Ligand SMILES: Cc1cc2nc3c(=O)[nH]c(=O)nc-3n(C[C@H](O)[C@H](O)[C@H](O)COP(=O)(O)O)c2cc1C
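Below, in structure tokens: the form predicted on its own, a single chain.
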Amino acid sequence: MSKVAIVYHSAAGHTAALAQSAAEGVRDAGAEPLLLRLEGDDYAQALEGVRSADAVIFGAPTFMGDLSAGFRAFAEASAKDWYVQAWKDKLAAGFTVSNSPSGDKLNSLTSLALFAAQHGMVWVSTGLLPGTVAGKIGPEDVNRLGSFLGVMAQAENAPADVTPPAGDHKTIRLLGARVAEAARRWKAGSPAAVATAA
């Protein structure tokens, strides 16, 4: 069974709620989710979780046009793993949430993808057409904000059990399943798995 780590920082609870939906998607695909919330300044558990996982979904709120400081601190703490390329060839994906429909969330997703690339990881996109293709951009609709690089969600100034809306949770659940399925295929095709099968 593949293991997918979901490493996220959450300030108001909205990112945490989305991380739970990502974990549901991972389970839907028959893989094991490992939820790792970044709190405080001790990142040992999160770093070890990434090392032990087959794939990782990174998540953070977008503040002032980029990733939250809580996630950036974790990224900086990963320097020793970067130096030895401990995460190389793991699959990675990402999500972000902000108050505005745009909120410069693409910049945050680009930051997450670049962070993964620096670690030698392989990025997994959403694989979803934007909701506009089907004329569905309401709060219940999948990929209503039209993102390809990763999941974008919008949260109003309300509790996390109210917002982001259902469509954003559906979207990230689909990403969780996509990453888990990709990890299963990636793991099955690894040199060690191929040698064992032969």
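Everything numeric here is computed off the predicted structure, so don't read it as measured data. Start at 1 and count along the sequence shown; that's the residue number.
Same protein, other form: the form predicted together with the ligand, not shown, and the subject of what follows.
The candidate spot formed by 143, 167 and 171 lies out of contact with the ligand in the model of the complex, as no residue has a heavy atom within 4.5 Å of it. Heavy atoms within 4.5 Å of the ligand in the model of the complex are found in exactly one of 47-55, 61-69, 143-151, 28-36, that being 61-69. For residue 178, no non-hydrogen atom is located within 4.5 Å of the ligand in the model of the complex, even though that partner is not displayed. Among heavy atoms of residue 10, some come within 4.5 Å of the ligand in the model of the complex. Residue contact check for residue 85: none of its heavy atoms lie within 4.5 Å of the ligand in the model of the complex.
The closest heavy atom approach of residue 97 to the ligand in the model of the complex falls within 4.5 Å.
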